[in-house]
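Two forms, one protein chain; structure tokens for each follow separately as structure 1 and structure 2.
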Structure 1
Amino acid sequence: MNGPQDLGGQMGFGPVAPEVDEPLFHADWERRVLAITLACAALGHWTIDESRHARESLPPADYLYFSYYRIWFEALTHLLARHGEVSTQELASGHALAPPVRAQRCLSAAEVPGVLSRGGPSARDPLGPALFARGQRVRARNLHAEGHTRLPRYARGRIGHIEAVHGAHVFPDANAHGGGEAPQWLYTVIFDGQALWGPDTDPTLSVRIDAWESYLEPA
């Protein structure tokens, strides 16, 4: 979606302002949000793509104003409600009012190290041959999906080259919306900075994105 998350090339946000000796968390609730989010992911109700879409679907002014752990929290409450685990009424009351759905999937402390150190690889067996080869000129399609997508707006319609072919990976546009993994070939595409940002751009700049096959067309 052309949502508030698609920030590449946007202006007006001011300086980056890195914090000196930044702590890992700025408040105790941030620590809890991190842990609760990972623990709830283990229930298996949603994919990482669905959770990203829940975050980018927050009201745009909120997305830009909230701290990142607050974005996680707000999205988590939406995901838990959507999958029937925690209702708005429960959140308001602060207590469980209905039975859980997937308590049998509750992550135990003993399982934590294994789950975190295994992760969740997205590589899959390809369903057919790759359409593009290293060095090939491609154009990122001018797509404006209403749902989740990982093709940033700044690249759409722009011409670049295939720099690497990575095998097939889970396709987020489908996987975020219950469409299954629908794996596609994944490519690293390199764009000249001037192709993205116009002729006044620093000529030393190049930008790479990782793009699924259906994001691309020959050019």
Structure 2
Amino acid sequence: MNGPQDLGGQMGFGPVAPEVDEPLFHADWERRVLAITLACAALGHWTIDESRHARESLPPADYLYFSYYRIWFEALTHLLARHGEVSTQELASGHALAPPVRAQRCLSAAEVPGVLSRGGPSARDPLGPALFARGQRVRARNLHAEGHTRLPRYARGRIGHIEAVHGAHVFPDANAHGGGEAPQWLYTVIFDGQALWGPDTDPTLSVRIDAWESYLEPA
């Protein structure tokens, strides 16, 4: 989807000003939101791709106004309601009014370090040979998916070349919507900045994106 999270190359949003020595959390509530998000993900209702799509699907004005962890919190409430773990009444009252759907999937504090260290590997066995090879020129297809996609809007229709081949991985566009893992070959594609944003772009700039095979076509 063409959502508010996809701002590469757009003007009018002010300069990017990274915070020097930025702390992990700016307030205690942010720390709590991260913990709640991890605990709720362990319920197993949704995939990481569905959770990303939930954040992207917030109204653009809210997404651009909210802080990072406020976006996480708002998306989490939508996910919990969608999968029947909370009701509108419970969200309004701040109290549980019914038993949880998957109480047996509780993530204890002692289990958190192990869960985080294991991560969620997405590598899968390929279903066939790779269509592209390292060094090959490719064009990012001009796709405008209605659902989740990891293909940045600014790269669509642009030509780059394959820098690395990573094997087959879970395809987010399918996995975000209950379509299964549908693994595809994954590539790192490097684009010249001027090819993306025109001749006024810094000529030393290049951008690398990870692109699934169905995002690409031979150039």
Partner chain sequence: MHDHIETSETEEMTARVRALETILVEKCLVDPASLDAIIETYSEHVGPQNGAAVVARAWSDPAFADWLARDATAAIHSLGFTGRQGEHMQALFNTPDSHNLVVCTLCSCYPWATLGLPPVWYKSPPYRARAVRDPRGVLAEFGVDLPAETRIHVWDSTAELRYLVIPMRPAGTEGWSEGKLATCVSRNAMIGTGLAARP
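Heads up, when I say rigid core I mean the largest set of C-alphas that superpose within 1.5 Å between the two forms. Shifts are known only where both forms have a C-alpha. Numbering runs along the sequence of structure 1, starting at 1. Please read all numbers here as calculations on a predicted model, not as lab measurements.
Asker: Specify the structure that is the form predicted together with its partner chain; exactly one of the two qualifies.
Answerer: Pick structure 1; the other is not the form predicted together with its partner chain.
Asker: Where the core is superposed, what shift in Å does the CA of V20 undergo between structure 1 and structure 2?
Answerer: Here V20 registers a C-alpha shift of 4.2 Å.
Asker: Superposing on the core, what residue ranges of at least 3 consecutive positions move by 2 angstroms or more in Cα between structure 1 and structure 2?
Answerer: The run that moves is 15 to 24, and no other.
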